[in-house]
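For reference, the chain that follows is the form predicted on its own, supplied as structure tokens.
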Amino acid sequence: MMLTRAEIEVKNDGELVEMARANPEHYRFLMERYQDPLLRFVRRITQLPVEDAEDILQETFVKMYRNLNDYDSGMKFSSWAYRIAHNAAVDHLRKINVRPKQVSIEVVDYVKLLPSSVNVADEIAAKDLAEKVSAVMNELPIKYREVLILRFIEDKSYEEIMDILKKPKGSVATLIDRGRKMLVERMQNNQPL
């Protein structure tokens, strides 16, 4: 049976997983759904060029496919997918054993990390602010950068972040709090890390 694009879009992740388990050709629907968000996530936490991030994404999809039968439907599929992407990214960074390269990645998104009390007068000021936040974010230690990205850029709940990073809620909250304070402090002091 051939499904239309509209029929695929209304299916939830659990239904797509079951379809892929029944017919491996349907795994492509999960890949299509998660390709863009996972690629953005990998680029944000690794700061690698798009080609390297695409390699990590490909590895992520292979691992997801190989372990699809082990996926626990009690967990959100997106948390499971982000967890595998996170692990693949960290493994890649360990393999290359170098500090991540600085690349410009969607700097406008990082403005969400600042407290709402920051008042931006116009588009030029907003762009300058976004570039500054991006530069400071790129210098944060990865443990803070990844939780801030997951929480404020990827809009993940604390529970999802706990599942992705395999950390208790208190640790996640502490990392978010410390990372945000570090970011704001560096922004206020106009200092790089």
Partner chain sequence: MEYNNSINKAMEQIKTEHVVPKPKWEFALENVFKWILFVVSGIIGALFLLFLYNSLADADWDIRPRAGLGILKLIFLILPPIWVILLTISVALAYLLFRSTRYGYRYSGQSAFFIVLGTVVVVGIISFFAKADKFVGNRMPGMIPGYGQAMLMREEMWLHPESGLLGGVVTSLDKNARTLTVRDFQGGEWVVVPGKDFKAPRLILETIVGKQVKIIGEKTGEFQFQANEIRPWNERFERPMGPGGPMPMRPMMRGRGLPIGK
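Positions refer to the first chain, counted from 1. Given the structure is predicted, the values throughout are model-derived calculations rather than measurements.
Same protein, other form: the form predicted in complex with the partner chain, not shown, and the subject of what follows.
Proximity of Lys181 to the partner chain in the model of the complex: non-hydrogen atoms within 4.5 Å are absent; the residue sits far from the partner. Heavy atoms of Leu129 never reach within 4.5 Å of the partner chain in the model of the complex, leaving it off the interface. Taking the partner from elsewhere, Gly14 is found to have every heavy atom lying beyond 4.5 Å of the partner chain in the model of the complex. Though the partner is left out of this view, Pro49 does not reach within 4.5 Å of the partner chain in the model of the complex, counting heavy atoms only. Not one of Arg44, Asp91 and Gln188 comes within 4.5 Å of the partner chain in the model of the complex, counting any heavy atom. For the residues Ile153, Met162, Ile142, Ala135, the 4.5 Å heavy atom test against the partner chain in the model of the complex is passed only by Met162.
Residues Met31, Glu32, Gln35, Asp36, Leu39, Val50, Glu54, Asp55, Leu57, Gln58, Phe61, Val62, Tyr65, Arg66, Asn67, Leu68, Asn69 are the ones in 31-69 with at least one heavy atom within 4.5 Å of the partner chain in the model of the complex, listed in sequence order.
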